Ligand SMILES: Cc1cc2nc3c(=O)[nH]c(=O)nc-3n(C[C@H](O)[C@H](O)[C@H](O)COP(=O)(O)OP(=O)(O)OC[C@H]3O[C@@H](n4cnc5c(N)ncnc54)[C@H](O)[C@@H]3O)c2cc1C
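The chain below stands alone and is given as structure tokens, in the form predicted on its own.
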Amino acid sequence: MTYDLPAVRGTLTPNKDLSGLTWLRVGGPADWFFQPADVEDLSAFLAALDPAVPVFPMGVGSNLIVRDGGLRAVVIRLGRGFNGIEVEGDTVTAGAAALDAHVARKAADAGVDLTFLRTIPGAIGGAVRMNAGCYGSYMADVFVQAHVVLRDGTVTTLDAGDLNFQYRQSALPDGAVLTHVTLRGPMAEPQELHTRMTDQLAKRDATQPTKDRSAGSTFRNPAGFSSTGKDDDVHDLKAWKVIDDAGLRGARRGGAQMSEKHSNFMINTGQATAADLEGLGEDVRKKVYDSSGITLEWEIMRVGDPA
């Protein structure tokens, strides 16, 4: 698709292959790929861009399947200049491109407890968009404000009421690009926070296929709650449990597989296409429904056209 694109100070790349930018390493090209120089560059670009041209803000691709035919859109990905992290008192301001793990560590250094972010794959922009969480904590619990550029180029701020956080979702406007966010966490001893994160990492590595190509949890938990990681956590309505009960741990389709280590993790065993991965997910959804009457909802975002 041909677009009349405005001039930019950042980088505009045509027909950009997106497969190398997603954790699952699949997907076709984007019509255009825009890496803005700064907020002003992003705002001017969106203001001048034909409103009919689709825009897709992309994070680090940790929770994403780009279909094999690619994206008929301008994909916007924030890079350097959007990954700073500043801490003042109990308040942390992080660029949308800052990795969740980096934010957790820098906050802990200053005695701010954002430890739940340490094991969440991805960047802060995506974490806000998806209301990411684990160990019983969510972005909604620590969120103060987000700075965004709307699709028409308007630079504005949104608070928690604007985003209407719910389980694994928010009401971020279509085409809006998060540029940085303000978070507030409880204070604690830095060493205590770092020790807790070390324990969380060990627990994650023991139970999740962290060495494989995956995109984190494939499906939302049916009850609408994430695993708290606590001793009294119940597992009867966790996605992994209903997948196990349907006999689908290790299920395969082409190069895609539901992990033997954690059955709610879908992995690319090496040669999977996006169609393999999405098709396996749909197989699992159908078989889980047939066996339990439960309809699993995707947690991984799927975008673009089939091959």
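Start at 1 with the first residue shown and count on from there. Here the structure is a predicted model, which means the values were calculated and not measured.
Quick note: we don't show the form predicted together with this ligand, though the next part is all about it.
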Notebook entry, point to check: Within 4.5 Å of this ligand in the predicted bound form: all of 134, 215 and 265, by heavy atom?
Noted result: yes
Item checked: in the predicted bound form, the one of 259, 62, 273, 35 near this ligand [non-hydrogen atom within 4.5 angstroms] -> 62
Notebook entry, point to check: Pick from 163, 123, 71, 114: which has a non-hydrogen atom within 4.5 Å of this ligand in the predicted bound form?
Noted result: 123
Check: Since the chain is shown here on its own, which stretch among 114-122, 182-190, 150-158, 83-91 would lie within 4.5 Å of this ligand in the predicted bound form, judged by heavy atoms?
Finding: 114-122
Checklist line | Contact test in the predicted bound form: residue 168 vs this ligand, heavy atoms, 4.5 Å | finding: yes
Notebook entry, point to check: Hey, in the predicted bound form, is residue 301 touching this ligand, heavy atoms inside 4.5 Å?
Noted result: yes
Next item on the list: Decide whether residue 56 counts as a contact residue for this ligand in the predicted bound form under a heavy atom distance cut-off of 4.5 Å.
Entry: yes
Notebook entry, point to check: Within a 4.5 Å heavy atom cut-off, is residue 204 in contact with this ligand in the predicted bound form?
Noted result: yes
Next item on the list: Just give me the residues of 175-200, first to last, that have a heavy atom within 4.5 Å of this ligand in the predicted bound form.
Entry: 176, 177, 178
